[in-house]
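Take a look at this single chain in structure tokens; it is the form predicted on its own.
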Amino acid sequence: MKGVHRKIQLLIALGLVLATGACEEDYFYEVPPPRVAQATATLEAVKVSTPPATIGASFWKTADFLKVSAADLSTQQLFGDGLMNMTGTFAGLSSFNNGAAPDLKLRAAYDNDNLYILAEWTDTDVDASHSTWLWNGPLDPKKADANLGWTSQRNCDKIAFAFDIANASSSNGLFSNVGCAAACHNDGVKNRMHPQSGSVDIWNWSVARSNPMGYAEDLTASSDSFYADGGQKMYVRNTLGSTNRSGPAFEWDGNSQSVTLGNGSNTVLDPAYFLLNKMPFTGNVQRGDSIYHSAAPPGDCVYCHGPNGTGGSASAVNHLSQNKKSRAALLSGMDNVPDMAAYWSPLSQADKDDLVAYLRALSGVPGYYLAVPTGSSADIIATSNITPVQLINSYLPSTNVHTKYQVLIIRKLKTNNTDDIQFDLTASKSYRFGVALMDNDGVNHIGSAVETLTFK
């Protein structure tokens, strides 16, 4: 009997040991490694409960991505008369960002209401002007245009997406098969930007004309035209006439350019590049040119500041930072420089206004003025890592710390506007699109004519 009890005690002890081991096994487990983003064959939009509505949202840190194999889409195209030095992507990949690979990555998400697309690509400088007005500006090595008088120069960086609205097609094929080749490169016709039939939704983000307002431009390419969607668009050409040699109608009025962006945040636009608060451009530039280059005082500014403001014994005056001063500040500043008295004080007020107009024309007057978009033109909210505040101080080549662009685009799945694509997930979870990058350009671009957006 004693032996039986002993066996029972041993079995109980063994059971306790096994049970203890099982408990320990439950508590000691291997922690899975953190998720690492993977490349995918299509742009996969993941359903989320928390909107990734900022570039820094945690979702984007581990989101899978589509790496776009960029190719030449449009090359060796030039703008019309008076539009100069605006084709930084003229030779395609070999000229985009000095030939460095763009390394374009796209990530996407969606919720019950919106689609979110984050684009990231390499571009080591920031081109933030568009059709800037310059007087006797530089020649364009790719064109025979005369540079005397007013010309429109410089271009900005852009990314554009193209989606099919209504069975767009051309001799190249259907948009569903060939993407934006059905819409933007039709039949070899130079600069033709619309299909033979159907329509295409174009989302165009640019540093100069949409980023300052916190949106992407919403455009439509149809069988007969290429136009902005309904409502007030974000920019208006700042011109006195109908040509790119007419000169500007407005300049900055000196008031702080506060604006509410598309995402509801507030910022102040840098007048070195952007024109929001404006007043009429005054003064006779040609007469101001003569005063500046006169052989003796009054005038004779060339003696100290060099030909065309390039600098001499005194500083250069032909740079964008001049736009950070209002006309009143420029006039007042020159009134209070003792060394300038012999040259400046004898001038009449009209002479002074003419001379300031010339200084404005040397530094460059913004080619467009901005406006808050409305209606269908305000469908696409966009934010980026490029702040429009003090842009000139942050991204000048001499102090450039910029290495890549990050642009987040947010648009409703369904806008119910006839000039937009509608993402109806009950009908389809797969949509063809094209994507294009432009470096200091607008007619030449690289990218991919056809990719697929898949809603997971």
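One-based numbering along the sequence shown. Remember, predicted model here, so these are calculated numbers, not experimental data.
If you look for the form predicted in complex with ligand HEC, you will not find it shown, but the lines that follow are about it.
* To do: Using a 4.5 Å heavy atom cut-off, indicate which stretch of 307 to 315, 100 to 108, 200 to 208, 248 to 256 touches ligand HEC in the model of the complex.
  => Of the stretches listed, the one contacting the partner is 307 to 315.
Contact between Y343 and ligand HEC in the model of the complex at 4.5 Å, heavy atoms?
-> Y343: contacts ligand HEC in the model of the complex.
*If you check in the model of the complex, is A146 within 4.5 Å of ligand HEC, heavy atoms only?*
Because no heavy atom of A146 falls inside 4.5 Å of ligand HEC in the model of the complex, the answer is no.
Tell me, yes or no, whether G262 is in contact with ligand HEC in the model of the complex, where a contact means a heavy atom of each within 4.5 Å. So G262 does not count as contacting ligand HEC.
* Does ligand HEC get within 4.5 angstroms of any non-hydrogen atom of T220 in the model of the complex? -> Residue-level check for T220: no, no contact with ligand HEC.
Discussion item. Using a 4.5 Å heavy atom cut-off, which residue among D72, D113, D300, D81 comes into contact with ligand HEC in the model of the complex?
Written reply: If I apply the 4.5 Å criterion carefully, the residue I get is D300.
Next on the checklist: Just to confirm, with a 4.5 Å cut-off on non-hydrogen atoms, which of G173, G231, P138, G333 contacts ligand HEC in the model of the complex?
Outcome noted: The option sitting close enough to the partner is G333.
Select from 118 to 154 the residues with a non-hydrogen atom within 4.5 Å of ligand HEC in the model of the complex and write them out in sequence order.
Contacts from 118 to 154: none.
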